[in-house]
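Single chain ahead, written as structure tokens, the form predicted alone.
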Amino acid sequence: MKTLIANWKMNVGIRESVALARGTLLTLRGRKLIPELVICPSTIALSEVRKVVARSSVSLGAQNVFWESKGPYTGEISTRMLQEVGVSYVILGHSERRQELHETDEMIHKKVLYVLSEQMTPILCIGESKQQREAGQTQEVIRAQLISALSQVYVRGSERVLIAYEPVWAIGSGEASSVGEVIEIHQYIRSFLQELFPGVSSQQLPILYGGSVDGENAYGFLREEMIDGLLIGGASIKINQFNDIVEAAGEVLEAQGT
């Protein structure tokens, strides 16, 4: 299986999100094989988008959550609120929140634990900056982020934790990492996850790539067995681009006979 996560970020309002959700469903029409697809609108659009995707195979994700169920946390949102509008996935630790809103490793760890405790699926974002990459610290940074976020985490039964490797320097830059580099990092992440979670299957810990993914380079990533899917930003709100990505995923699934 291949997984596509569409992160719409703060780019479209409610009406645009509804139209985009309908367009996204159209990209699946008539296809023999389709990827697992999760769309993540802004919080205020979740309820309306749910109405569009409710009877489809598309799942709904949120772009953030707080780590408490209720309380004096102005502007925050809880898992209970998200579940009421049909959300089952939550993006956590995105580099934009780490950098712009100063989310710490400790905060991200709390969120991962909380989301799992509420029977929801976290999409944990990790990745190195350009400076860290040039200093040869990529594996060191990724290892530290994984240890911090997944400490005291247990993956039981049908639970899953999605890991999205997003090199910070590639996000929104138009400069995607090379397939070879991504495979090398994914191999490292897979090996380390096996240490952290002995006995847990790779299907419960899918590893995705994100960072300037578009309709032209998607197939190159998706055809690799080591890459379980994609976390897509800007291209996910351009329906023609996203259609190409879904088509690429379908071609890969058909070629792999899955």
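From 1 onward, residues are counted along the sequence shown. Keep in mind the model is a prediction, meaning the values are calculated, not measured.
Missing here is the form predicted in complex with a small molecule; even so, the following discussion is about that form.
Engineer: Scan Ile108, Val182, Val161, Ile171 and let me know which has any heavy atom within 4.5 Å of the small molecule in the predicted bound form.
Structural biologist: Comparing distances to the small molecule in the predicted bound form, the residue within 4.5 Å is Ile171.
Engineer: Report the residue, out of Leu222, Ile39, Val213, Leu208, that has at least one non-hydrogen atom within 4.5 angstroms of the small molecule in the predicted bound form.
Structural biologist: Answer to the contact question: Val213.
Engineer: Any idea which of 43-51, 198-206, 59-67, 226-234 reaches within 4.5 Å of the small molecule in the predicted bound form, heavy atoms considered?
Structural biologist: That would be stretch 226-234.
Engineer: Decide whether Lys9 counts as a contact residue for the small molecule in the predicted bound form under a heavy atom distance cut-off of 4.5 Å.
Structural biologist: Lys9 belongs to the contact set for the small molecule.
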